[in-house]
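Starting off, we have a lone chain in the form predicted on its own, written out as structure tokens.
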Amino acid sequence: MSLIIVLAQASSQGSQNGAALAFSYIFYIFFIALLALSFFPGVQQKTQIMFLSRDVEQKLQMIENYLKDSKSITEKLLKEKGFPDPKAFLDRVIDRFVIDPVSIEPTDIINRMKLLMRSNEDTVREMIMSANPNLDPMTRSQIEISAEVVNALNLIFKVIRHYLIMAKKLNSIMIMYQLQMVAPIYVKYAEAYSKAQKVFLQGIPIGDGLGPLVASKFLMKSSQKFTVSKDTIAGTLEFEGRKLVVVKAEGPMATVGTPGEGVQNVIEREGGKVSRIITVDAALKLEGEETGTIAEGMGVAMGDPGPEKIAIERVAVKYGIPIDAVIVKMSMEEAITEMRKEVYQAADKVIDYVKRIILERTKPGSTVVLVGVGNTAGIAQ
């Protein structure tokens, strides 16, 4: 009996040794094959491209999933709001674009840019209202934002896919390396846009609403409010012997309004007799900076392509009015998703900053214009 056990153990040990030996042979063969391939750069490059492309394809799939989810949410919203053919409407707006005006001849480029941007906004709004004329302003703004999100996600997806296919066609490892480096960044952008859409549909204030929130806190004390430009409202109040005119986008719809034109109209209405312009806005932070950090400077605090920002600069130059800027720092995701506690708490601190600027830099009897820049979703006046 003991002899049988010994023989069985020997047989088992021999099998293990044989398996180990076979594995060693396979490993050596694989190593030699890799060594041989290293002498053929073309093969080596194709192998690298294959592994790199798999990584990029995974990121592209994530972006596509965000796009599909966003399209599904938008189609559901359109169907609930009585659109006869949600898919057809979405197909029209998903690839909409605005061509930049000719810049080689910069004369009057701002007015041309303003015309194109306003015309695009008006066209999309008309498309929405023609599909359902009975929509309230809040719902209309939600559909506009959803269409913008789908449009942005679609563009990100198509651009990444374009360079992925091009890198494969050209067998270019350099393009693939660059694509692998930037793809994770665009995945984060896509994720932020996807989250933002859900927040906008709930009518929740976002981080970028910091400026309008500050303005709204001042406007609560104003008994006189009036429209100054498209989707933009203003109100007047007295502060420490000064006349304070507060401008913000008209809420609680999801819109940034036209603050540049609004400020220009307010100052012209005051006959140019304005001592100071103060702009308040959210600003993107650098990695390592804390959310809710406040900074103060000079100039127009506004993330605008040009037309609104330059309108304030031009009227300020015309009448020699200094422009102060107060910003609250946050990440891109924090700016377009629900307002964080740190940002909300910063609003009261910004109010103190604004009051100190007014007291230190203006005299009693003067007029000051305060502009709360940003998306006023969920923030009324």
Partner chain sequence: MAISADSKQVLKVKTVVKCMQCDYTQERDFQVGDFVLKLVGNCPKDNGPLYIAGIYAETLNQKK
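Residue numbers count along the first chain shown, from 1. None of these values were measured; they are calculated from a predicted model.
The next section is about a form of this same protein that is not shown, the form predicted in complex with the partner chain.
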Answer option from E75, E191, E121, E296, heavy atom within 4.5 Å of the partner chain in the model of the complex: E191
Just one of G203, P137, P305, G272 has a heavy atom within 4.5 angstroms of the partner chain in the model of the complex, so which one? G203
If you check in the model of the complex, is K349 within 4.5 Å of the partner chain, heavy atoms only? no
Although the partner chain is absent from this view, report whether E64 comes within 4.5 Å of it in the model of the complex, heavy atoms only. no
Considering only heavy atoms, tell me if L213 and the partner chain come within 4.5 Å of each other in the model of the complex. yes
Could you tell me if P252 has a non-hydrogen atom within 4.5 Å of the partner chain in the model of the complex? yes
Name the stretch: of 151 to 159, 167 to 175, 285 to 293, 76 to 84, exactly one has residues whose heavy atoms fall within 4.5 Å of the partner chain in the model of the complex. 285 to 293
Within 4.5 Å of the partner chain in the model of the complex: residues from 327 to 349 (heavy atom criterion): S331, M332, E333, E334, E338, M339, R340, K341, E342, Y344
